[in-house]
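Coming up is one lone chain in structure tokens, specifically the form predicted alone.
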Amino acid sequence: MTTLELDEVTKAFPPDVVALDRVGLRVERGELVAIVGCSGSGKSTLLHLMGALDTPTAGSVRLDGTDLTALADRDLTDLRARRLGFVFQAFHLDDALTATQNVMTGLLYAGVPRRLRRSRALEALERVGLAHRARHRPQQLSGGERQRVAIARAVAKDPVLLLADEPTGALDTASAEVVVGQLEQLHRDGTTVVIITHDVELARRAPRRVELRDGRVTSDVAARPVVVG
């Protein structure tokens, strides 16, 4: 079943900037896809459209069969909170909250009943190997651990699609390896994951790699297996 479908999507900005030019893309349920491109290729614009953060100038974007271009702003906000998971390079954690509380905040916006939030948050932290850090605040965690808390927050609500925007961009090599491993494990567990990155080596780790250049898809191929170690 198709989770995400972009059909002839164009995004233009005045006066004459075309960030995306007739992009077509299908992501099937349970896939792990890396979208790779250099600065200015259109990656960020594509992320905003896939994540219901913006609407295309032309074409359509469908998430699990729902046409995002037909939804009102309020409905898009609700869809993002309940059906999409986001992981950003900058983590976006609240320093005043523990890891558990940060994950619980995501569940609040997703409409999960209060009585279920703590147990769901702890389950998500266990899933990313951070149950032992549940009471720690972000400043007490390493960069890799903070990103894993962000991943836990994203997956705790069981999203239709997980979007990871440069998830290893702020991490050292060892921490990045752990985070990528977590995303790969989520994929093996059945989560649909799309990684946006400029890192070609990271993109090569994904079973499928889509390359963007000047707002167009220039390649969409199965990546060769990479042996790490």
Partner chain sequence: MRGQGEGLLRGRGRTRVGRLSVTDLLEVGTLGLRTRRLRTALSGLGIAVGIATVVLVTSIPASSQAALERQLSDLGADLLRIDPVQGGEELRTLPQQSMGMLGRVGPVTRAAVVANTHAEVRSNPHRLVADGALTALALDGDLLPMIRARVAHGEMLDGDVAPTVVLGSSAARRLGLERLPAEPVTIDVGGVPFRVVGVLAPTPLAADLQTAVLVDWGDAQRWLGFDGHPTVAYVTAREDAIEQLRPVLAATLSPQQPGRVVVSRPSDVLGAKAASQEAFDGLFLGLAGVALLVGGIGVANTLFASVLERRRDIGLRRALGAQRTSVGAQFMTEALVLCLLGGLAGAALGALAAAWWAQARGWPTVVPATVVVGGVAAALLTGAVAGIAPSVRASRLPPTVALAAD
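Computed from a predicted structure; not experimentally measured. Numbering follows the first chain given and starts at 1.
Omitted here: the form predicted together with the partner chain. The next part is about that form.
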>> I'd like to check something about residue 159: if you look in the model of the complex, is any of its heavy atoms closer than or equal to 4.5 Å to a heavy atom of the partner chain?
In response: yes
> Does the partner chain get within 4.5 angstroms of any non-hydrogen atom of residue 177 in the model of the complex?
Replying inline: no
>> Test of understanding: in the model of the complex, would residue 191 fall inside 4.5 Å of the partner chain by heavy atoms?
In response: yes
>> Considering non-hydrogen atoms and a 4.5 Å limit, does the partner chain approach residue 144 in the model of the complex?
In response: no
>> Give me the residue from 184, 54, 28, 199 that has a heavy atom within 4.5 Å of the partner chain in the model of the complex.
In response: 54
> Non-hydrogen atoms within 4.5 angstroms of the partner chain in the model of the complex: do 173, 206 and 222 all have one?
Replying inline: no
>> Heavy atom within 4.5 Å of the partner chain in the model of the complex: which residues of 64-85 meet that condition, in order?
In response: 64, 66, 71, 73, 74, 75, 77, 78, 79, 80, 81, 82, 83
